[in-house]
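This document opens with one chain alone, in structure tokens, the form predicted on its own.
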């Protein structure tokens, strides 16, 4: 993607040290600036921590969404999950922010589980497995406290009768050269994957179809998923008579290895919501950091918090207090704190977080019927 810095960001692969400023230019998005933050604060009554820290950094048409909202026109939220395994911390970030948007703007949420995509894309996964993970991942969504009266979670496979008509309308206006250019499909790509982007785009227009009127759509999601809506949904929307979906993008939570996002395909570098807390701590203690080769060198030169996944996990989820975060950063950069101590602090914050989430997740098992929708 970049001659300045070697990295890859696609819906299926994230690798290397990501240059987010470069991504904004390459993807053609708009930076979340101070003026937009002021508008969000005015309409929402406050700013979420993720906005204050620049973790949601990029958008498309967010000002337009606020224009519609200020004119009395409610928008709906759409995000989702590709259920290829258990939920990890990186998945929670856009969902936590989506929950805040629901609370602050009174928005309905349509949450898509793309169990069909994961079956088609991954030769190792059966359809039974991906559909099973749909329900496992739904427990994590519910555990975050979404409003059951305004939240609709659906499996593509089990809701396809409703989605298919919309997907057909989209597919009719998208040729193979477009999806090939956007997603890099090859002659060896199975035909299910070639059609799938139409299903991924369908929820952008779902409430408009169900209610028989145009309803604005806002998609909070990680930046790696942008091509689905940039290249398909936003291009097709005017042809079908719908609003273009707006988007707001978050940075990616790094895995505990060197480079790349937290990923279920590298379980040793990911902390899953289902991990035993002691197992999660072991992953932390063996993780990559921005530390130097020796303690003496670190005390002399300081650590490199900017490239350290432990520090970035603090920034995203575990240290809401800005003063505490700055102290951790400064103590690392000046060499006052070594990596082992920093990891122990992370472990002390992660264990109670996992225990509490797992309690809520267990409770969610009795609430699935309130959230899941099927044909």
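Residue numbers count along the first chain shown, from 1. The structure displayed is predicted, hence computed values, not measured ones.
The following text describes the form predicted together with a small molecule, which does not appear among the structures shown.
Pick from 215, 138, 253, 232: which residue has any heavy atom within 4.5 angstroms of the small molecule in the predicted bound form? Only one listed residue qualifies here, and that residue is 253.
Just one of 298, 102, 134, 79 has a heavy atom within 4.5 Å of the small molecule in the predicted bound form. Which one? Looking at 298, 102, 134, 79 one by one, just 79 meets the 4.5 Å heavy-atom criterion.
Taking heavy atoms only, is residue 289 within 4.5 angstroms of the small molecule in the predicted bound form? No - in the predicted bound form, heavy atoms of residue 289 and the small molecule never come within 4.5 Å of each other.
Any non-hydrogen atom of residue 262 within 4.5 angstroms of the small molecule in the predicted bound form: Heavy-atom contact with the small molecule at 4.5 Å: present for residue 262.
Can residue 224 be called a contact residue for the small molecule in the predicted bound form at 4.5 Å between heavy atoms? Although the small molecule is absent here, residue 224 would touch it in the predicted bound form, with heavy atoms inside 4.5 Å.
If you check in the predicted bound form, is residue 146 within 4.5 Å of the small molecule, heavy atoms only? Result no; residue 146 lies far from the small molecule in the predicted bound form.
Please state whether every one of the three residues 91, 114 and 118 places a non-hydrogen atom within 4.5 angstroms of the small molecule in the predicted bound form. Checking in the predicted bound form: 91, 114 and 118 are all within 4.5 Å of the small molecule.
Since the chain is shown here on its own, which stretch among 301 to 309, 170 to 178, 235 to 243, 215 to 223 would lie within 4.5 Å of the small molecule in the predicted bound form, judged by heavy atoms? Correct option: 215 to 223.
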